[in-house]
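Below, in structure tokens: the form predicted alone, a single chain.
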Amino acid sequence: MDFKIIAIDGPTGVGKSTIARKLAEKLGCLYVDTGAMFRCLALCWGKYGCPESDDSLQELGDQTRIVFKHNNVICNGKDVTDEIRTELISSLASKISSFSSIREVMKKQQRTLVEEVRKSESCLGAVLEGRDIGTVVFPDAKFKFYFDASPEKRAKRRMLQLQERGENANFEKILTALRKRDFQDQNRKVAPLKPAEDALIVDTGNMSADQVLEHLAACIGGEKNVS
């Protein structure tokens, strides 16, 4: 079986999670939301007072168990699907992801998830979305995509998501926080956010989710060279 690994990277608010989930369903692949994994760690980290020693971070990473069940995220046996989507957790996720020990733990967990599915032959491949999938976690992935869009369009998208969940959402505050996270992610020393050299850049700002999905499916189905 030709087991496909599909990497989707990009900043906050470009539609990575939505598209990756739909693409995985369409292709019969495992969907791995690596952003949710970091958010789970951030949630636990915040509850422990945000310790920054290497030992504490290593212990946190080793003891946090994350499972994806359908569209839900289970962390240490608890459904945290909604709890990890707040702006506070988003900010903490950006901070904790800058630690090399945490990124190393997450890289191992992500690779293990994919390898277990590959060996079980329960899926035809894996779709992973995050910020360093194509550059660090799976640099040899056959298909690599990098989503992007203007900060303003991404902030508007994020605001609508929060409003749909009944949360108060201020566009200017969201835009400021988004730009701050972009800067942090792009300038961190370990695994900075950037497109893989052989990734196909996809501007999702003026495309619907269905249009992006069909574009990716066409590239993958047609074995299009995305370099």
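Just so it is clear, the structure is predicted and the values come from calculations on it, not from any experiment. One rule holds for the numbers: they count along the sequence shown, beginning at 1.
Another form exists, predicted in complex with 2'-deoxycytidine-5'-monophosphate; not displayed. Remarks below refer to it.
Contact check for G35, A93 and S97: all three have a heavy atom within 4.5 Å of 2'-deoxycytidine-5'-monophosphate in the model of the complex. Shown alone here, K144 lies farther than 4.5 Å from 2'-deoxycytidine-5'-monophosphate in the model of the complex, counting heavy atoms only. Taking the partner from the other structure, 2'-deoxycytidine-5'-monophosphate in the model of the complex has a heavy atom within 4.5 Å of a heavy atom of R39. Using a 4.5 angstroms threshold between heavy atoms, R188 counts as touching 2'-deoxycytidine-5'-monophosphate in the model of the complex. Using a 4.5 angstroms limit between non-hydrogen atoms, I133 touches 2'-deoxycytidine-5'-monophosphate in the model of the complex. Comment: 124-132 is the region of 111-119, 124-132, 74-82, 152-160 lying near 2'-deoxycytidine-5'-monophosphate in the model of the complex, near meaning a non-hydrogen atom within 4.5 Å.
Along 101-125, one residue reaches a heavy atom to within 4.5 Å of 2'-deoxycytidine-5'-monophosphate in the model of the complex: R103.
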